[in-house]
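Shown below, as structure tokens, is a lone chain in the form predicted alone; questions about how it binds or moves come after it.
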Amino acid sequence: MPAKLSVNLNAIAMLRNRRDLPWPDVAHFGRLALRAGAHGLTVHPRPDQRHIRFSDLPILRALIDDEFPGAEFNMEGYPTEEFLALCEANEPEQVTLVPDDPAQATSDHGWDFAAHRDFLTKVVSRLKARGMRVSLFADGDGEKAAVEAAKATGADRIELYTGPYGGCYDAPERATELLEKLGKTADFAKAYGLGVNGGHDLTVANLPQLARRIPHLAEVSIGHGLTADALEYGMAETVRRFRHACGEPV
């Protein structure tokens, strides 16, 4: 099965927030993405609300429930009490936990699962008790022990941090090396019964290789590259292009 595409709306929201105006409308672009066949929508509501605002969350939840009941809502964030309360209020199908400092521009590393095992185990248990699938942001460094520690938290999936791989757009040999590490990490995850997602700096150019190396890749969450392409091709056509890059017969 091809990896499912979840469209990250953060970049759309950040563009909106440059002005005190209601456009571009985050929900409208989410609707366009879902109409074009995206499997779901992803948001990362940071404490400073510099892109997705807390007020966007119930609107996007209602959009999926009312118009696209087969789609999924994925909320990413560092598991502060505030973030967990937002998850419990908006009931995403999936929560992706990331080890971000609030000041970070974007997520740029996975969890140290051994160091944060007890903390993550409690958070995972709390979210799963509310019926949410939990994915943990993970470095794709090919380390079996890290994946084993992730499994021990009770999480359902890991999300491979693909930023270093995506950053090798002009260094194909390095990209091949990093792709193999991502693949090894995914292989270990599969062996431990963990689902595998991926995200960060993925494009229509580098997605096909990732999908071939990790045929059991469940989902990719893509925002920056997809939004950039949407400026050229429009949201609907861009979603179709990314779905094709995932291996869907579009």
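Every value quoted in this text rests on a predicted model; they were computed, and no experiment measured them. A residue's number is simply how far along the shown sequence it sits, counting from 1.
Quick note: we don't show the form predicted together with a small molecule, though the next part is all about it.
Though the partner is left out of this view, A38 does not reach within 4.5 Å of the small molecule in the model of the complex, counting heavy atoms only. Although the partner is absent here, I222 is a contact residue: one of its heavy atoms lies within 4.5 angstroms of the small molecule in the model of the complex.
Contact between G183 and the small molecule in the model of the complex is not found at the 4.5 Å heavy atom cutoff. When contacts are judged by a 4.5 Å heavy atom cut-off, D201 counts as touching the small molecule in the model of the complex.
The stretch from 24-32, 59-67, 192-200, 205-213 that comes within 4.5 Å of the small molecule in the model of the complex, counting heavy atoms only, is 192-200.
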